[in-house]
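Next up: a single chain in structure tokens, the form predicted on its own.
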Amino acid sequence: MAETTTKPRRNPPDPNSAKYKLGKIADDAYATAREAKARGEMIGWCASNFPVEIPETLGLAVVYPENQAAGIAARGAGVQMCEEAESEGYSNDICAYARVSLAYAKLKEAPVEPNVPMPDFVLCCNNICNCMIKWYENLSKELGIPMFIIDIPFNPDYEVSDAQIAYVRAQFWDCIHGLEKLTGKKWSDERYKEVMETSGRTSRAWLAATACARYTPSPFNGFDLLNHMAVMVTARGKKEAAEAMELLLKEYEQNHVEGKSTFRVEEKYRIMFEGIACWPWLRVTSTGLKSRGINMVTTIYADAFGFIYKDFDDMCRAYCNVPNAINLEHARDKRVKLCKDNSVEGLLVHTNRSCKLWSGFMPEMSRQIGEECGIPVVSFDGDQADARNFSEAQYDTRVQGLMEIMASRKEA
């Protein structure tokens, strides 16, 4: 099946809007890394749930291969890059983000997306999945650069224990001292406090913005969140990110007051979208909902990057509580709260071939969410970056079925 392509924007956003500012911050992350590299500084590639506070406090420029892979996939080159990695012997059964990234490490360029500088070190955290470890190990080996890893074990209990915090804290400090030695940069407790406060400010504004979905109709199209969240991954410790997120919150609140929304049609149904976006098919998945008046008002994928904590130990606790590192009951309860807070009428689950851990426990978790919230649940097969793993016809059929169930319940 041919990949989709993204058409150029017809109407660029207002330079004073949050959309424009957030897009510029995301683009600037690449530019900052290129400039640092040109100055002779060391730059890194960083996993999305690695604590951004560490490189930010040290003043190290980093880029995020997951964001880059999502951008490449959204612009239609995901399959090309995946096939390049597969030609090197990588299985098409592993994460498509990893395949895109490993292909980029070999080619050092992509057919779309701005090129990013090659890393002098990689930063890895396995609170997402263990595939991340092998992916970054291979980058380290193939590029001949050091790898810094923080091991955050899956938590079978509901709360994070003091023992787990101590285990993670020791690794954070080991990583900090290793980066100081490698790069010559120095840690500053004063600077860390500034970064912590800014990260909290950004996160509070972001979570308040996503929580505006409690209004009916929602003041935003949920697919907006999938684009804006890139800043939460790459720049939540930066002042300009906090300001842009506060502006986004202000815009959403104003939309509510004025009865407006970035969801441009009548909101007939409200759903939760479960899983990572199908970036190669973003337009198709969005249109399939919008054409039926279905607004994806919430997703844990967006809220997952809002980190609020009061000190270093509390930061360790926050990184132990990301969605893929917690047990089914805790993960379920987070989602149930989102569904109830935002008056969700249905759950659409992306069974993502790339993300085995996330998708593996979703059949049972989504069953429990559906029962607890009294909502219908449907799933579709897809992939976050490999367009070959998605069927437009299947997606359309599943969404149509979900709409029919929601419609019959409304009538009843």
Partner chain sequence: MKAQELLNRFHEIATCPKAQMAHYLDSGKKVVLTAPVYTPEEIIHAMGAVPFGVWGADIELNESKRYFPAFICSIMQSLLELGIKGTYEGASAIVIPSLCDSLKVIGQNWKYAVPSIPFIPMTYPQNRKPDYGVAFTKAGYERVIADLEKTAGLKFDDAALGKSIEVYNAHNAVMRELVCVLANHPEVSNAARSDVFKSAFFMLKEEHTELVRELIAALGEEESGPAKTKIMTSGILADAPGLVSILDDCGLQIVCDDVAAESRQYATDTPAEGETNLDRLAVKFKEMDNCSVLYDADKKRCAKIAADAKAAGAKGVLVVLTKFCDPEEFDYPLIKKACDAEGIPVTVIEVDRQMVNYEQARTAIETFRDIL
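Positions refer to the first chain, counted from 1. Because the structure is a prediction, the values reported are computed rather than measured.
There is another form of the same protein, the form predicted together with its partner chain; it is not shown, and what comes next is about it.
Proximity to its partner chain in the predicted complex, defined as a heavy atom within 4.5 Å, holds among 94, 74, 249, 226 only for 94. Only one of 329, 83, 194, 180 lies close to its partner chain in the predicted complex, with a heavy atom inside 4.5 Å, and it is 329.
Taking non-hydrogen atoms only, residue 151 approaches its partner chain to within 4.5 angstroms in the predicted complex. Contact check for residue 37: no non-hydrogen atom falls within 4.5 Å of its partner chain in the predicted complex. Residue contact check for residue 221: none of its heavy atoms lie within 4.5 Å of its partner chain in the predicted complex. Heavy atoms of residue 131 reach within 4.5 Å of its partner chain in the predicted complex, making it an interface residue. Partner proximity in the predicted complex, defined as non-hydrogen atoms within 4.5 angstroms of its partner chain, places exactly one of 66 to 74, 53 to 61, 347 to 355, 23 to 31 at the interface: 347 to 355. Contacts of stretch 356 to 390 with its partner chain in the predicted complex, defined by any heavy atom lying within 4.5 Å, are made by 356, 357, 359, 360, 361, 363, 364, 367, 368, listed in sequence order.
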